[in-house]
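First, one chain by itself in structure tokens, the form predicted on its own.
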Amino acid sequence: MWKLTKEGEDYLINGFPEINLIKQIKEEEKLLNEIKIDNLAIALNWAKKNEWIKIENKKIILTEAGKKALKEKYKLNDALELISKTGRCPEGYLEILLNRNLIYEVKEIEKQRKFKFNFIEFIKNIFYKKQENEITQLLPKHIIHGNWKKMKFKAYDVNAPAPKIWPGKYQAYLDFLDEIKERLISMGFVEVDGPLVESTFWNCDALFMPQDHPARGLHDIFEIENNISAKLPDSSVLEKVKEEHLKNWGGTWNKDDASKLILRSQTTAVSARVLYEHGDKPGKYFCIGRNFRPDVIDAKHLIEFQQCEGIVIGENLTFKHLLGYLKDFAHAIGMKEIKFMPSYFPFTEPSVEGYVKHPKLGWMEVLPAGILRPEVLKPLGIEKCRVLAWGIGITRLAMIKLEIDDIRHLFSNDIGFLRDKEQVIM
């Protein structure tokens, strides 16, 4: 049996965000800031995934598929209606509705009451009168007047239910992050940090991401709307970065674009700053910090998430060293099943994606890593050493460790959930 969550009930009554979005557009295009609906980020992502819209120059354009969807009834809405009425989920819709946290499973447990007849207690109640002076609590007035000497106190029943007392403890997710920090520090890493409002130079340009890279578009980075430019490093570094971009990517490189302020989309920006400050010297550094990306909010995704960034600087480092670090880290926090697959990132070569297995959600990508490219290192003054780097999805690791199947529970203010969730024991 299945039931609708509060979010599912809201969608059933007020409509899905992506449907409300295309209803607002109506014509073939509309400016993004003209859209006034709840859950805009969710609406944009699902409408784009359904190929109902395309976005060009901050204008939302309704596609032919979107026009067709306006005329038809949304199948996901039909699925919610069926579940609301019958508790049954139509075939083919279970996974997507669970991932969007619109339904939950209901299990009914029958409780049987057993009647116990106590013959001795029955006889006592008939033949023995309850003492009139029997009391369960000794009060100050009993002591002052001396009445307690004539009173009979009721026997204390150690099996009687008592109110549960909840001792104070650390929030489970914060405790998990502290354990991660302790593990990395014990492995010789030094903790570093950087600003949440970052320049596109450190977030993208210094990491060899071309200025026309798709990740700089509307759906991957939050831009700060103001006329303030970020403070950039000295001109010699800018020229070296510009030279690498023009030589390898072609096109143009604009200093004004590099000085735009954004919400940090990856803690690799912190690694770039560390490499620039510390130069060509061996070392091991890590950062656990918040990042922000427009995304579809579901059981595995939020627009705000945390990464555990790590870099190892040294001579004669190899790809096998990188895999060894990732395995040691995963095993140290209790991840038993891990596998690696080739991947691609603009700033590393070779690159790898590490997967660990969640007992309910299956394989999850949480260990993206690689060796930083010379095009990243040389402009920052590193020519002798190699640099191993990773940006671990620490929130997803926490889901596995804490046996949570919805990422939103990590930030829950549900006091019952917080009380029941045990602390992390590495």
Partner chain sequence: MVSLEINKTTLLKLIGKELTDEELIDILFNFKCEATIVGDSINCEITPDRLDLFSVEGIARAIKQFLEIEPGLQKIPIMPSTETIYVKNVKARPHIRAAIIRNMIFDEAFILDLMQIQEKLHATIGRDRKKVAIGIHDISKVQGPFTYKEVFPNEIRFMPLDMKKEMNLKEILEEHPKGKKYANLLKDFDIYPILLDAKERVLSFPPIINGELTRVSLETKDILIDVTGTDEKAVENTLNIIVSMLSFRGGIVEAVKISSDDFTKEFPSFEPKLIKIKKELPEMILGTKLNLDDIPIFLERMGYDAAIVGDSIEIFIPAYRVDVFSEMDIIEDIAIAYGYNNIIPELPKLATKGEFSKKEKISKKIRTVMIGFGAQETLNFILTNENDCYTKMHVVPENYIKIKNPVSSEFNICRTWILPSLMKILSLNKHRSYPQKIFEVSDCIVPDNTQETKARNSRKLGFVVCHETANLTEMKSYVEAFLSAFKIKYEIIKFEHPSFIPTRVGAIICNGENVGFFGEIHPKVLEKWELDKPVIAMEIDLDKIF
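These numbers were taken from a predicted model, which means no experiment stands behind them. C-alpha atoms forming the largest set that superposes within 1.5 Å between two forms make up the rigid core. Residue numbers count along the first chain shown, from 1.
What comes next is about the form predicted together with its partner chain, which is not displayed.
- Against its partner chain in the predicted bound form, the set 36, 56 and 236 makes no contact: no member has a heavy atom within 4.5 Å.
- Proximity to its partner chain in the predicted bound form, taken as a non-hydrogen atom within 4.5 angstroms, holds for one residue of 138, 82, 224, 332, which is 224.
- 323 is the sole member of 299, 96, 151, 323 with a non-hydrogen atom lying within 4.5 angstroms of its partner chain in the predicted bound form.
- Stretch-level contact check against its partner chain in the predicted bound form with heavy atoms at 4.5 Å: of 305-313, 143-151, 73-81, 87-95, the positive one is 305-313.
- Proximity of residue 247 to its partner chain in the predicted bound form: non-hydrogen atoms within 4.5 Å are present.
- In the predicted bound form, none of the heavy atoms of residue 257 sits within 4.5 Å of a heavy atom of its partner chain.
- The shortest heavy atom separation between residue 404 and its partner chain in the predicted bound form exceeds 4.5 Å.
- Under a 4.5 angstroms non-hydrogen atom cutoff, its partner chain in the predicted bound form lacks residue 380 among its neighbouring residues.
- In the predicted bound form, the residues of 248-280 lying within 4.5 Å of its partner chain by at least one heavy atom are, in order, 248, 249, 250, 251, 261, 263, 273.
- Once the rigid core is overlaid between this form and the one not shown, residue 356 counts among the residues whose Cα shifts by 2 Å or more.
- Core-aligned CA deviation for residue 175 between this form and the one not shown: less than 2 Å.
- When two forms of a protein are overlaid on their rigid core, residues whose CA moves 2 Å or more are considered shifted, and residue 297 is one of them between this form and the one not shown.
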